[in-house]
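One chain is shown next in structure tokens, namely the form predicted alone.
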């Protein structure tokens, strides 16, 4: 569907291309580039070492056939796409990276990183699987300090506590602005579609100059606020309000989000790593910065944690805040942790929150698009009758 857009929105649509130019300039000035895959990577530490973190490609179908020469076919598309981009040298952000930061969020990624380190230098962050345990926090603090050592050796720059504190402050500023943009969809009118909101949120993963990006976000907040005050909306006031949860999505892996909005609903809230998981939590700006980073990132409500009560709490809060009428849980094929957790999210939605629930398991291909369209249209009829 064609939706109204704020005047500054084209800058977000072209952000990846701008980022590549900025990265090229930074590299020529001697700045190291860190390729990252996951929201568990403490980016403040990377920036405190004078390096620039960028997200790596892994959201499109095209490189998967190349990845399957080394990886099993029954592995999640996100891992296969990420590896496929690397072995085909088709991702400009991977090519620009001097080193990679990986994390042990699942067994498939752990083993993929063993292969990836044959292509680029790689530092692996080992995650604990508990969030509320003192030993887990101590373990994670140690992991972050090991990452500090790796970064200092790789960049040749010493990471000071003052520098980390400044980066924490700048990153929190961006998180607050992204959250403010998201909450503009918490009631009608909705000035930004879910698809366009995803593009804005995703652009935050390709930022060289964080204060400049924060300035652009402030402009977007102002323009969206003015649109909302004028009653400009991307949807009718009776369009079903959907919360999308589950595995991360992005440009190229957004077919479910598109199908929901093409079917007349509006995705008012993205709970996944593309959305709230990435900016809901702030880092404490006082006290020991290493422990502050560890506390914040360890609380990320990812299904790799057990138990993962934080995700249930977050979905409950967002369902209320955004007046959600239906929850769609999208998981990638063979993503075992999110697929198993779907059972609990269904019970939460239907028995506690009293909203219709739809679980979709799919991949990056378009082969099931029409089947998904039929299921989503039937689900939205249930939402409208509820």
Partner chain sequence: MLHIDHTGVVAGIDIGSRSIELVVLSPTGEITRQARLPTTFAPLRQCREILMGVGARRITATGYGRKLFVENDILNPCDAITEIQAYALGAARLYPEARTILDIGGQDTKVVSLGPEGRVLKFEMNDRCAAGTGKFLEIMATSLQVPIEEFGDFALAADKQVQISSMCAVFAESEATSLMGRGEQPQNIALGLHLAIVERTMAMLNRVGLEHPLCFAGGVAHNRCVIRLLEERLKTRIIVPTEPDMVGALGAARYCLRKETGQ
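Positions refer to the first chain, counted from 1. The structure presented is a predicted model; accordingly, all values stated were derived computationally and were not measured.
Note that the form predicted together with its partner chain isn't included here; everything after this is about it.
Participant: Looking at 47-55, 318-326, 22-30, 356-364, which one sits within 4.5 Å of its partner chain in the predicted complex if you count heavy atoms only?
Facilitator: Correct option: 356-364.
Participant: Give a yes/no on whether residue 333 approaches its partner chain to within 4.5 Å in the predicted complex, heavy atoms considered.
Facilitator: Contact with its partner chain, yes.
Participant: Evaluate residue 14 for contact with its partner chain in the predicted complex, applying a 4.5 angstroms cut-off between non-hydrogen atoms, and reply yes or no.
Facilitator: Heavy-atom contact with its partner chain at 4.5 Å: absent for residue 14.
Participant: Quick check on residue 62: any heavy atom within 4.5 Å of its partner chain in the predicted complex?
Facilitator: Heavy-atom contact with its partner chain at 4.5 Å: absent for residue 62.
Participant: Is residue 350 close enough to touch its partner chain in the predicted complex, meaning at least one heavy atom pair within 4.5 Å?
Facilitator: Because a heavy atom of residue 350 falls inside 4.5 Å of its partner chain in the predicted complex, the answer is yes.
Participant: So which residues in 354-375, when you check its partner chain in the predicted complex, have a heavy atom no farther than 4.5 Å from it?
Facilitator: Those in contact are 358, 362, 363, 365, 367, 368, 370, 371, 373, 374, 375.
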